[in-house]
Ligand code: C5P
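Shown next as structure tokens: one chain only, the form predicted alone.
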Amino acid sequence: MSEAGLVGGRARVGVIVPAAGSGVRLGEDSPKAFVDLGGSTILEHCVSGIAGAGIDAFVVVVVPAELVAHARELLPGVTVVPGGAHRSESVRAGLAACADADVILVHDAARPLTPPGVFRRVVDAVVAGHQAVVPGLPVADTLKRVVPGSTNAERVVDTVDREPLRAVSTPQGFTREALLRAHADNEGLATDDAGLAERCGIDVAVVPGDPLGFKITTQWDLRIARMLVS
């Protein structure tokens, strides 16, 4: 990051929170981000966690167009914009609202329990000179490569060495220039913004993540999250 990207020796940080997904795998009546988690929505918990991370960030939440007004009621003072049909389109909508940020984080709304230290590690690594940074954890399970498609039993091809592998989560951090470059192709779709960055030749660094940064995807995840919050 150049000195021009700093104000008073500090980076201007923007956080994009994509929350426009339907969350069909969760099996709830409302979109995932608006599901209750201990008296507040998952989205409210997520934004509260960002506010408590100590990174002095400008937050942009991206939700379905029909829920923009509701999200603004839940999150007074937070910028809320409508998202697109795909995650990448929603990130681009958030990026347009972060025009003044030097460092931009993209953080899944469905990871509401991510500890403050993860946010700080990602921001610090970008400010230190990395164009793209993700939090990651070593893989604990034994991994098998299989021939996919069988409905009963898939055939194992080999066992994958897990030593160099990392399970990555969010927030994923970028210099503004790197994220703009990663999303320059309006047709580019990805579930992972770092994947778009890799595709266009940007080096991605990994900093230590935290198990509490897990993603709420299924009813089991929601049950665990509710237990932790209570």
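None of these values were measured; they are calculated from a predicted model. The numbering used is simple: start at 1 and walk along the sequence shown.
The following text describes the form predicted in complex with the named molecule, which does not appear among the structures shown.
Quick one: which of 105-113, 155-163, 134-142, 72-80 gets within 4.5 Å of the named molecule in the model of the complex, going by heavy atoms?
The contacting stretch here is 105-113.
For Ala85, is any heavy atom within 4.5 Å of the named molecule in the model of the complex, or not?
Flag for Ala85 set to yes.
With a 4.5 Å heavy atom cut-off, would you call Lys215 a contact of the named molecule in the model of the complex?
Looking in the model of the complex, residue contacts with the named molecule include Lys215, since a heavy atom lies within 4.5 Å.
Residue-level question: is Gly14 within 4.5 Å of the named molecule in the model of the complex, judged on heavy atoms?
Close contact is absent here: in the model of the complex, Gly14 is far from the named molecule, nothing within 4.5 Å, heavy atoms only.
Flag Gly21 as yes or no: does it have a non-hydrogen atom within 4.5 angstroms of any non-hydrogen atom of the named molecule in the model of the complex?
Heavy-atom contact with the named molecule at 4.5 Å: present for Gly21.
Sort through His183, Arg176, His45, Lys32 and report the residue having a heavy atom within 4.5 Å of the named molecule in the model of the complex.
Filtering the options by heavy-atom distance leaves Lys32.
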